[in-house]
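Starting off, we have a lone chain in the form predicted alone, written out as structure tokens.
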């Protein structure tokens, strides 16, 4: 088995057990499948009482995980696990702006992005900031190229906070990165974070002066296609978009979806053209369109869409699927997973053609991470 969890020929396994790490408002849950990905077993909660905003798997040691947490009394912290998410220890350091910097205290750690190799990790926080750790979260330094960007005065909080998220690193060259600022837009770096350029060409912002502004975009999520790292997708306040040049330009691919609003977006790791999205009714309702919990699938990079929702509730399901609450695995066919604000977790073992409910009545689901169970166990 390779470090990525794929067989030696580079192709994903048809049958492989999967572990879902489901972060909720009241702790982390582990949901493990059998090899067919049809039978599931729930464990948890771990880190009980904490909001789990994001979970990341370190590249150098797949059994080592980092979790970004928030507690109503104790605030924002990082925890590390060495055994795939059962036992957790707090880390002393956390990414934050220093006192006197003009930024308010650390409100939340929204996103964790390990580098493709080694122990380097980036973190996006609220208030909007990007930080880097060379040692798997033991120490942190500000990425000043973004945090002191000349356009920073034009950024502003979105409804969900004022944060950096969706940190995407080119797996071929860790110097190339894309991040999202809510609200500010997408920024792009080619030199390891020293220089950042706004990367929003072709993206609508109906709430701002000028239909296609350089800055000010409320970005909901940005993802990168592992099989073609030049390919990025983004979901914004207004529309779904595709980039074929690592965020230099964007083309809207909303046509065929029942709305231009949503958060959840995922791509099949082995096929950059296979995309999954959960449309929502808009900024006022913030629930799935018409109370119908539908996943829309595209096989052609967003040129066309179809509902892939067999097994999902189609009436009176007034739920949302949040930014990090959808993920895919590396099996063939691709598994797709998501959790709802009602605490229900759904899984598809066949690229969204059929769905099953694998857990219900959990706390509000904030994030879902799909991992290869065999890879976790082999490094424990």
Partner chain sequence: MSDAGTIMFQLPTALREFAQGQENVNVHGQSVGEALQALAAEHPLVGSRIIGPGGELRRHVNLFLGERNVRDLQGLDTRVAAGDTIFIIPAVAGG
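Numbering follows the first chain given and starts at 1. Computed from a prediction, not measured in an experiment: that's the story for all the values here.
As for the form predicted in complex with its partner chain, it is not shown, yet the points below apply to it.
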item: Interface membership of residue 92, its partner chain in the model of the complex, 4.5 Å heavy atom rule; value: yes
item: Partner contact for residue 256 in the model of the complex: its partner chain, 4.5 angstroms, heavy atom; value: no
item: 4.5 Å heavy atom contact, residue 209 to its partner chain in the model of the complex; value: no
item: Heavy atom of residue 297 within 4.5 Å of its partner chain in the model of the complex; value: no
item: Residues 231, 242 and 272 all lining its partner chain in the model of the complex, heavy atom within 4.5 Å; value: no
item: Heavy atom contact within 4.5 Å of its partner chain in the model of the complex, the stretch among 155-163, 289-297, 180-188, 92-100; value: 92-100
item: Its partner chain: the contacting residue among 149, 221, 204, 77 in the model of the complex [heavy atom, 4.5 Å]; value: 77
item: In the model of the complex, the residue from 215, 138, 195, 106 that sits within 4.5 Å of its partner chain by heavy atoms; value: 106
